[in-house]
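The chain below stands alone and is given in structure tokens; this is the form predicted alone.
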Amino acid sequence: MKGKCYINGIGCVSPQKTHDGSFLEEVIDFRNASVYEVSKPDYQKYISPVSVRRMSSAVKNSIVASSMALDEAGVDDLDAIITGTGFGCIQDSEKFLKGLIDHDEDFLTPTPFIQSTHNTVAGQIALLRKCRAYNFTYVNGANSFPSALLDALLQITSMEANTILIGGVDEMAPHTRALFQTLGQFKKNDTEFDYLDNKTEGCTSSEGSAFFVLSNEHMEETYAEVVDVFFLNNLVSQDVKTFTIEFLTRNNLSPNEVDCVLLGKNGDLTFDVVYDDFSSLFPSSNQLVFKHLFGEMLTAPAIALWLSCKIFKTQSIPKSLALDVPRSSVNYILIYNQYRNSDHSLMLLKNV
């Protein structure tokens, strides 16, 4: 018998003040910012002061976010830890390569190299939690987090696991950001634009971490049910409608049954038009956007999932997310994200 997959705990460290459990009551304005840095929590509440100094922001933010999720769910034993990341611990990678150049390949400190691998985050959480279970990290571009979510969904619905911690995390480092600005994928530091009515190319880089406790057990604290996840690497823009209709059909839904669609518009003039084709399928659904508040990172779908959980729990939609008048009740949310017309993903959630 196929089981169901529920989200029983969430945690998020992002450019907005999400680490204190609030839900966009107070919004930080990043208008015209070229990079969205995280709103830093009190790391020493979760990590020893000695360890904090040696950790990159990706590791620190993930330990905080995962601890928040696990504390909410009241979980100690995990059957798996699964993460998704686009760049991994890129700060330590840059630090090691800079040391390699500055010291002419001599007298190098090995720590940045050891901590620069993409699976450092999942490994550190496992060490802290003394978890020896399945531990996997997906590095699949903008589909990294949906890949992690699908893995967990399949394990839980097939009864192979009871409780899984999943997360999406990315950090931004100065040299990497400069390279993407040179390539035109990120906006220049002096670019002025209106995020929701944009006339320029490129997006704004960001960083953050969001974690979730998934379980086959419905609890009083349950936020939502994960109904389905689907993604493709390449999709011609005129096929977005077919891609979406096929996804809804296999879940016995029609577009007018979807209360909200959460779009990954990132302010890039060239590629945001893809969302227009998608949105035309849902004339009666609330149209929501979030990257004007959180910026763009390859694991942005994790932030979208966190926002969806908050919407279900509060049954309210912050005006800062809505492109139109919000509905009073929300039963289904469909998240659609893509990056430069590649790595298209759909995540369907249901209120419980």
Partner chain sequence: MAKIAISGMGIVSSIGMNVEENFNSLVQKRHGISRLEHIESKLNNSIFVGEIKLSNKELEAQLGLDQAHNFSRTAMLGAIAAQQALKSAELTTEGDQLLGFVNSTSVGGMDMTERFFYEFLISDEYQRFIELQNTGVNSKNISDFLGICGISTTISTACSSAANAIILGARLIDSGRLERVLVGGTDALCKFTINGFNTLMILSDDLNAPFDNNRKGLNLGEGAAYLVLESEKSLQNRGKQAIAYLSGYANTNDAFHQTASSEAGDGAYLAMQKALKKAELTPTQIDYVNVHGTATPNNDLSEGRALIRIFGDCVPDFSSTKAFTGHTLAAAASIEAVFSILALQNQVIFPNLNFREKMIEFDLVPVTATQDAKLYHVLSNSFGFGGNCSSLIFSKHGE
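Positions refer to the first chain, counted from 1. The structure presented is a predicted model; accordingly, all values stated were derived computationally and were not measured. Only the largest set of C-alpha atoms that superpose within 1.5 Å between the two forms is called the rigid core.
The form predicted in complex with the partner chain is left out here; the points below concern that form.
Is the partner chain in the predicted complex near all of Arg31, Met68 and Cys309, within 4.5 Å of a heavy atom of each? Judged in the predicted complex, none of Arg31, Met68 and Cys309 sits within 4.5 Å of the partner chain.
My question is simply whether Gly123 lines the interface with the partner chain in the predicted complex - judged by any non-hydrogen atom within 4.5 Å. Gly123: contacts the partner chain in the predicted complex.
According to a 4.5 angstroms non-hydrogen atom cut-off, is Glu94 in contact with the partner chain in the predicted complex? Glu94: yes, in contact with the partner chain in the predicted complex.
Proximity of Lys199 to the partner chain in the predicted complex, heavy atoms at 4.5 Å: Result no; Lys199 lies far from the partner chain in the predicted complex.
Since only the chain is shown here, I'm wondering whether Asp151 would be in contact with the partner chain in the predicted complex (any heavy atom pair within 4.5 Å). Asp151: contacts the partner chain in the predicted complex.
The partner chain in the predicted complex: contacting segment from 199-207, 130-138, 265-273, 278-286, heavy atom within 4.5 Å: Selected range: 130-138.
If you check Thr222, Thr244, Asn216, Gln155 against the partner chain in the predicted complex, which one has a heavy atom within 4.5 Å? Only one option qualifies, and that one is Gln155.
Just give me the residues of 78-115, first to last, that have a heavy atom within 4.5 Å of the partner chain in the predicted complex. If the 4.5 Å heavy-atom criterion is applied to the partner chain in the predicted complex, 78-115 yields Gly86, Phe87, Ile90, Ser93, Glu94, Phe96, Leu97, Lys98, Leu100, Ile101, Asp102, Asp104, Glu105, Asp106, Leu108, Thr109, Pro110, Phe113, Ile114, Gln115.
C-alpha of His103 off by 2 Å or more between the shown form and the other one on rigid core: The answer is yes, as the C-alpha of His103 shifts between the shown form and the other one by 2 Å or more after core alignment.
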